[in-house]
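A single chain comes next, written as structure tokens; it is the form predicted on its own.
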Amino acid sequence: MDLYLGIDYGTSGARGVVIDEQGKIQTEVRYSGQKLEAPHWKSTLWSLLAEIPEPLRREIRAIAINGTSSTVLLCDGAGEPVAAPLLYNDGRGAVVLEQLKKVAPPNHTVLSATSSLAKLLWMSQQSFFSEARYFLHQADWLAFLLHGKLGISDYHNALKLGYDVEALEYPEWLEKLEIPIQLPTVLAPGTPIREIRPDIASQFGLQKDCLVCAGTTDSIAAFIASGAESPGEAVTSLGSTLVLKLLSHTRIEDARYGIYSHRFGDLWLTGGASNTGGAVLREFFNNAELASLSQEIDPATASNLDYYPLLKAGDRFPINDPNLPPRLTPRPAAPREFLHGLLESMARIEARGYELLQNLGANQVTRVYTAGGGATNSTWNAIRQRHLKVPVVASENTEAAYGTALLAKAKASNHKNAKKFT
């Protein structure tokens, strides 16, 4: 039996899903920590592999990994990080935006304080940069641990590095920055890179010819898992953050609003990511409180509270402002009313995001699939449908790891005898 493993590294944990040729889930494993810190990325990967039942491990033909978009790190020639990674929402790149604006095209997706390129430019001005040889995204580095070849990425992760996903090359303007670092070689997501390292295969009882494939980002993996496939269909990921993806015939790029488009076959996944979302909810409520208080809310009645729920200053979409202040007052005495205000305000931000995409030329939204932990909150979904005014449905599968497994299966099945990337 041929099996395929997809691994999802989110902001609050990691998951693995093994599927068969028909896409049926054979097992699911997960890292149970409350938060997945960078020092634990490697140990978590080994733990996830070890949790997969041994008989299934022996049948895995291909592995792909997704990571959070624009979570990046520098490493030396041996693949060891030379400094702490910068996470998806790290805004210290704001100090180099004026420098970037001198070379990047107007309103390019890299012109954001949290873009991969802004982070790289900031890193290049730090003392530890002299120790670095490679710049990698989270998914790139984790895959390297499995296949052993440094400097490989995919064009979903590389978009915010400035990679031209239409021409499939780095643009000439990027060279003007003269950053002395090895930029990743960019492959199509899911492309087999090479066979798994022999020592890893031996340690975990994997096939020696198990392929490690180029990955993707967590939100695109969630889109693949959702079942959405037609222009006008969208996926909202309600995880730690709020991520919108709309399948469109038209590519939309506008850094003023934090909007960018990923290549998706002959179509485009256009959207953006807001720092509002589940992380804000968990700051004030535990899971049991969220479940019980949500049941007390009438989703048909609008809250009169107008918040912009953030944990700290700064958002990326639909308002792209690294200094945007959180707005969480007034706070009513009743927890139920406070939660209602938070859910209502997040739904308003989501609706504003989709409205903006459509105003800029993307396909009209016809249906919104929901992925992520928030997908199970029926009250929140009903509030969202009231604002979005289109059907809001649960994704066929809400796990980004499942979408990543589908990606590995599709590419590996088409490359059974593919030459290894060397």
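Everything numeric here is computed off the predicted structure, so don't read it as measured data. Start at 1 with the first residue shown and count on from there. In this text, the rigid core denotes the largest set of C-alpha atoms whose superposition between the two forms falls within 1.5 Å.
Just so it is clear, the following notes concern the form predicted in complex with a small molecule, a form of the same protein that is not shown.
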### Message
Taking the small molecule as it sits in the predicted bound form, is Ala302 in contact with it (heavy atom to heavy atom, 4.5 Å or less)?
### Response
no
query = Even though the small molecule is not shown here, does Arg197 get within 4.5 Å of it in the predicted bound form, heavy atoms only?
reply = no
| query | If you check in the predicted bound form, is Leu281 within 4.5 Å of the small molecule, heavy atoms only? | reply | yes
Exercise. Do Trp380 and the small molecule share at least one heavy atom pair within 4.5 Å in the predicted bound form?
Worked result: yes
None of Gly162, Gly239, Gly258, Pro192 but one has a heavy atom within 4.5 Å of the small molecule in the predicted bound form; the exception is Gly239
Students should find that, of Ala83, Ala313, Leu145, Ala291, the residue having a non-hydrogen atom no more than 4.5 angstroms from the small molecule in the predicted bound form is Ala291
Of the candidate stretches 282 to 290, 182 to 190, 330 to 338, 246 to 254, the one with residues having heavy atoms within 4.5 Å of the small molecule in the predicted bound form is 282 to 290
Take the rigid core as the frame of reference and indicate whether the C-alpha of His262 shifts by 2 Å or more between this form and the one not shown.
no
Quiz item: Is the C-alpha displacement of Ser70 equal to or greater than 2 Å between this form and the one not shown once the rigid core has been superposed?
Solution: no
- Can a Cα shift of no less than 2 Å be assigned to Thr44 between this form and the one not shown, given superposition on the rigid core? no
